[in-house]
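Quick setup: one chain, the form predicted alone, written in structure tokens, and binding and motion questions come after.
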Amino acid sequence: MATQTTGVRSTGPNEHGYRRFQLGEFTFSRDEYFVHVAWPTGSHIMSADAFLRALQRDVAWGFFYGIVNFDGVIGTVNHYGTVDLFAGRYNDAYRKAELDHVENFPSPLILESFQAILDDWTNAGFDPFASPHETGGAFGPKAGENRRATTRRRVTARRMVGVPGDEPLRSDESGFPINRQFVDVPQDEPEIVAEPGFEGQVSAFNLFAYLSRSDVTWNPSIVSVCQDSLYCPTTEEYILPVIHGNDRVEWFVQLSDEIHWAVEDRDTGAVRARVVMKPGDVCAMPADIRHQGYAPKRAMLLVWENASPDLPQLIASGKVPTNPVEF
């Protein structure tokens, strides 16, 4: 499979006011309700709000680890330098019917292309990162833009939240209001009493207070870094807009409320498990599955990631197992 080096091309606005985009042999267009994706051997349709929520996260996460399925047909695979854009590649029926299609692009090129689509198709008032109760609608003819939302920078601490010189700031300095569903979360910050000589070398913050002020959903923010070990907590409400296909093990720690997980085989979509996580529950998502979450109420989740760049190859070669524990 050759890597495409030509960027996205677009046409003028259609009768609904939206531009049509072409990336390689893929074409993307939208009307007032739906996004239409076509490739040489097939086509697909998605609700505009679902497509934009998935696209927003693919852009913000830099294509994340492994596979980001927008749904059961369309998605991307991160090769950490290049990215596959696929249709039907991880869908048994499409592959058997020979309707699947994959193209590879340099990461900066496909990122720029996706950003252009997101910018043109997101109307004023609609925030693809917010819960349905906290944003306007994605539907209707072209009506302005919302670059404040679509260009929001993912929060990534270099060491830990609250450490001098590091971003982001503590919860009480963030400027964000407490979310409507976390009004009962205490906002007091821990008091630090350091031994003489260690002043300025010890830090702590209230993670629950910090998350209670999150203005986004299903967007893991890095709050601490220890070599390749990343703590990436997030607040979840409604449905995870993508189906994440792992290329490494992810650990989930449920901090509050409840999330239901649909777990499937990464390559075929066959059902593997249904998991309900409640406060205090811990689970590991293996490296050969894909998962999508459902949160009936806004919930806090800690995602623990191993960011080692060597993991995908070690797992693919069989040198590292796909499961963290063998029972």
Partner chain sequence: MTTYTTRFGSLQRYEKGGVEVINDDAKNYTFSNMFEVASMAKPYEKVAVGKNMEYVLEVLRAEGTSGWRAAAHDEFALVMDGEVEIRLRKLADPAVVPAGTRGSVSLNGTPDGQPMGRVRARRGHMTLLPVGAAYQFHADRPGVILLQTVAGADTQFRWAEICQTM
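Just so it is clear, the structure is predicted and the values come from calculations on it, not from any experiment. Positions refer to the first chain, counted from 1.
Here the subject shifts to the form predicted together with the partner chain, a form of this protein not shown in this document.
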What is the one choice in M46, A38, A60, V263 with a heavy atom within 4.5 Å of the partner chain in the model of the complex?
-> V263
Contact of G81 with the partner chain in the model of the complex (heavy atom, 4.5 Å) | no
Examine E258 and determine whether its closest non-hydrogen atom to the partner chain in the model of the complex is within 4.5 angstroms.
-> yes
Is Q22 a contact residue for the partner chain in the model of the complex, using a 4.5 Å heavy atom cut-off?
-> no
Answer yes if any heavy atom of L301 is within 4.5 Å of a heavy atom of the partner chain in the model of the complex; otherwise answer no.
-> no
Heavy atom contact within 4.5 Å of the partner chain in the model of the complex, the stretch among 65 to 73, 23 to 31, 273 to 281, 38 to 46 | 273 to 281
Verify the flagged residues R89, T135 and V155 against the partner chain in the model of the complex: is each one within 4.5 Å by a non-hydrogen atom?
-> no
Going by heavy atoms, what in 181 to 205 lies within 4.5 angstroms of the partner chain in the model of the complex?
-> Q181, F182, D184, V185, D188, E189, P190, E191, I192, V193, A194, E195, F198, Q201, V202, S203, A204, F205
